[in-house]
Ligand code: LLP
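Before any questions on binding or motion, here is one chain by itself as structure tokens, the form predicted alone.
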């Protein structure tokens, strides 16, 4: 499926949605979600024990999570709220892993009662979980998040496996952590690593898999036999849509990782389960953000298209200097002027797209591509704005309102 052309093929229905539900509004396509899940299954079909756990942080809309649960995709949760979502959605606790570098006591208690795997991030956390589990009379199911010191060659703010990162136990301390956990009343299940996001080269994944495999082998020699290796997520997607994207395919990822895990299995004498935690590559290109043109401004130095969305709706351009393709659904011609697409917040950094060749006029509807991941989930009420509506276009092309637009009454509530 050509997801670049997808909004164009659905132009009429998208324009109807913008009229009925107003803008800004997030739109998700169910069939793209399903296709993205299947791409992983097809790529890893030759590895017996393979499991996907969707990274809830990318988009925690309950309907999105429910669709993925019904596709037998598990949940990678990073907060108590996401754990509640996994339970509400009906995900089996076996298919839930709880990962955070700073877990509250309440979130640990919830995870223990839920029965999911708790991914331990530091040495003090071992003692904290031990104390809480004894109080609750629970036997924790645990794994450890390891920081492998791998440079993923991505944006600094989404590189999570470099040595300076706040995440995980340093690789040099990994064996010590497992030894300490073995002294506790823990059920030690696996090992976890996540090196970053929007990764477009295979080498970081190979280095990650090799380093983690070495730890698993060393633990096996000590009598600690793990059941799974979780290599996190991070597969990049094609944001530019300019024909020059050289990112990894799902097959590239599988061909790089599987041989390393198969060699690990030979050392272990059994097949270990392989888990991946895709987020962006599941939901990123399945979502767009519709926004309306408010006015056109031409100054002696710059030209702007002012729209009714801002970084309160989509923060990625402001936070990561991220590029999102922007298309005028009301006028598909290229135009002959260069504009910045300017949000309506009181911030100079509120620019959704820089130097775009586009034709536009007041009340035109623009589609911002690849906004399904880290869009609504990172939205805010900055400047007392209202969070946008979210809509699903189902696989049989029905329009379903998932979440209504906030109302000003919601902002004015006094508790």
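Numbering follows the first chain given and starts at 1. What you see is a predicted model, and the numbers here were worked out from it, not measured in a lab.
Only in words, not in the display: the form predicted together with this ligand, which the text now covers.
Here is the short version: of 197, 143, 285, 147, the single residue with a heavy atom within 4.5 Å of this ligand in the model of the complex is 197. Distance criterion of 4.5 Å from any heavy atom to this ligand in the model of the complex singles out 279 from the list 74, 279, 168, 204.
This ligand is not shown here, and in the model of the complex it never comes within 4.5 Å of any heavy atom of residue 103. Although the partner is absent from this view, residue 386 stays clear of this ligand in the model of the complex, with no non-hydrogen atom inside 4.5 angstroms. Not displayed here, this ligand is kept clear of residue 28 by more than 4.5 Å at the level of heavy atoms in the model of the complex. Contact check for residue 369: every heavy atom lies farther than 4.5 Å from this ligand in the model of the complex. Contact here is defined as any heavy atom lying within 4.5 Å of this ligand in the model of the complex, and by that definition each of 55, 192 and 374 is a contact residue.
Note on the interface: of 267-275, 298-306, 209-217, 315-323, the segment with non-hydrogen atoms within 4.5 angstroms of this ligand in the model of the complex is 315-323. Contacts between 219-234 and this ligand, taken as any heavy atom within 4.5 Å in the model of the complex, involve 232, 233, 234.
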